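Below you'll find only one chain, the form predicted alone, shown as structure tokens.
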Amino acid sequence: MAEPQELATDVVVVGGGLAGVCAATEAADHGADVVLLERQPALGGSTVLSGGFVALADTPMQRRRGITDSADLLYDDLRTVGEERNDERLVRRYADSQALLYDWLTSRGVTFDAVELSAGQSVARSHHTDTPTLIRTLTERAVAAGVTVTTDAPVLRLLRAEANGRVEGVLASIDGTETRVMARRGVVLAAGGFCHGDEMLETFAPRQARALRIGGAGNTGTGLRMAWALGADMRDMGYVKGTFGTHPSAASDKHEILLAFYLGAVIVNREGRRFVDESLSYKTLGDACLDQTDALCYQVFDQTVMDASSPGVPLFDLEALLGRGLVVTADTWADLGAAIDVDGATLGESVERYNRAVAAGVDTEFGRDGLCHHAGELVPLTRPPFYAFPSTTAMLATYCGLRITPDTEVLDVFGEPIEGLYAAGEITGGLHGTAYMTGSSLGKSAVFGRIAGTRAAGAKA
């Protein structure tokens, strides 16, 4: 067998989603020669499949809209939605770093076009951007800074000089040839999660077997396995949850997710009954949906909720999905039930019971007290026409993985840093805990990607 070829650089970044691109850019900006290796034909990973929201607090965009927010409130919300099972040091680092992230992104040409209230947020802080444009813009800046980007280059192993020594590079397949890419300063793992890793899902999240798989095709857990082989510790593996609100027709290359329940819709199962507090994180709702018949539910709402549609904003553009025939409509609840093969009488009774709860100011069935995370005023569903969006649970990202320090050093099972190895993005655990705040995945990818690139280059983050 031929000996692998060998290349040398300062920093190797594994993975070309948002975390990897940010890490590569920062490492280059701190004077390092950088090679970014992406196993897929194009950069983007799960980033370009996401809704495009970044959780940021106290931004100029919020202030212009009269939204009062702060790093401390963001911290409190993240701790609350994660039921304080998240790593408070990572949450604090994220909350304290995200304001600088907003300036860093906008100074590099990234634009935001909306701020929405969504899962886990007590105020609107989901800043929306177009993700393909985001990746393209940041990649152009990375290349301009001197980063070498190589696609179709799966990384096979992490390399160590000796059993417990420093990580000194990676073994990759480049142009079909095994190549040792040596890193003089450090390696950053940003290789995503394992939504397409059947064996890892079976091991850590067997409950998600009924969920659709719509994440990045390269997210098979290979990065986690490579670090695991070196003794890396994991965290939050038991909290893997799918995303509720996904249309059942979803596939990896095309999917639609709607969060009409955060605008006032209710969720019913195939029997036409509510079964959950709709204001909870859509990760928690995802688990609840999997327990229902056929793992299929419906977001049902009226014209008042439809009028709250946000044109052009993914997750909240109800009218666009209606125009594409994905939202079912009828003039009565009975007719809507017939259209979606749900008992119309039961559906009508469920909605009427909910309307009485809204009028009384208390939802005694499930405790819903707001549109989202205790914020927003509930609205009765009384104005025809009425609508239904078929919804199920899908695995877009796994939100768990390597245990890291706030400086993104990967820790082994004894709590010691694995020298020369850093990680950022979906491959890491610790920030989310039991559930998820909308926008915190892209947010943590960018915040900790920047930190990882800086640290791998040898600078202080």
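The numbering used is simple: start at 1 and walk along the sequence shown. Remember, predicted model here, so these are calculated numbers, not experimental data.
Below, we turn to the form predicted in complex with a small molecule, even though it does not appear here.
Segments offered: 402-410, 59-67, 422-430, 24-32. Contacting the small molecule in the predicted bound form at heavy atom distances within 4.5 Å is 422-430. With a 4.5 Å cutoff on heavy atoms, Ile418 does not count as touching the small molecule in the predicted bound form; it lies far away.
Mapping the unseen interface onto this chain, Arg270 falls outside it, with no heavy atom inside 4.5 Å of the small molecule in the predicted bound form. None of the heavy atoms of Thr392 is located within 4.5 Å of the small molecule in the predicted bound form.
Contact annotation for Thr222: at least one heavy atom lies within 4.5 Å of the small molecule in the predicted bound form. For a residue to qualify, one of its non-hydrogen atoms must sit within 4.5 Å of the small molecule in the predicted bound form; none of Gly120, Leu285 and Cys372 qualifies.
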